[in-house]
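Here you get one chain, nothing else, as structure tokens; it is the form predicted alone.
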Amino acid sequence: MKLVIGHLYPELMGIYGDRGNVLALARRAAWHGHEVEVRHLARGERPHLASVDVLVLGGGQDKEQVVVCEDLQGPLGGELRAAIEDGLVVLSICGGYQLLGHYYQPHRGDKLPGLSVFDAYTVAGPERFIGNVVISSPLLPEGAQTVVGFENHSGLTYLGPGVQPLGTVLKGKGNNGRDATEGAVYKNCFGTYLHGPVLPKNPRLVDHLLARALERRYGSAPLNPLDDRLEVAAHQAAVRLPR
């Protein structure tokens, strides 16, 4: 089975090594025995989202978010919303996560309208959240699982009733440092503030995204067993790191 992994705005939205998420998806898909194609979808290109199985949208500074916001107000934004409604698997990180909500209000400048995929909004806060994060996510297989990463953001994201969080904060600040939520999930679209990149140290999350993509495309999700001793060791080491 073949999976197409798209990296949207790689030249603009990948400030903290988010390309590593694309590499993790591609490598584990191949290890599971699937053919993989990676497409780098730059600004101005029409990505033909109907043929993409997993889409990664990374983080960026405010100036890059302005450029991406303007681009998403065109035809691509409508296509992306429709693809997500149709079940496209999306991983959005930090700035990309913010632009999939209703809006992002930076410290300076105009409010940036989002795609309203997530029932959420973001405003720039007075404090920058920097440090290691551990969350518990019951959305992953086999009950509640930990997800680890590193946050570096001043945006405060607040979720509405139309979306559920990716998980509950055990260590760190998460969406806003107040309500113990981190990230958001709508259908097969995932948003999070976790950099690192997030996927290499979270193999179960990678496989969860791949399984959803395979089910959407082929109606089944065959994933060969893998020796994840190194990945699990890295994950557990991250869990033990101080804030």
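The first residue of the shown sequence is 1; numbering continues from there. The structure displayed is predicted, hence computed values, not measured ones.
We do not show the form predicted in complex with a small molecule, though everything after this point is about it.
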Checklist entry - Which single stretch, out of 153-161, 166-174, 76-84, 113-121, brings residue heavy atoms within 4.5 Å of the small molecule in the predicted bound form? => result 153-161
Checklist outcome for this item: Picking from I15, A234, L23, L223, the single residue whose non-hydrogen atoms come within 4.5 angstroms of the small molecule in the predicted bound form is I15
Checklist entry - Which pick from L88, C94, L91, V148 sits with a heavy atom within 4.5 Å of the small molecule in the predicted bound form? => result C94
Next on the checklist: Suppose contact means a heavy atom within 4.5 Å; in the predicted bound form, does that hold for all of G59, D62 and R128 with the small molecule?
Outcome noted: yes
Item to check | Partner proximity in the predicted bound form: H195 to the small molecule, non-hydrogen atom cutoff 4.5 Å | outcome: yes
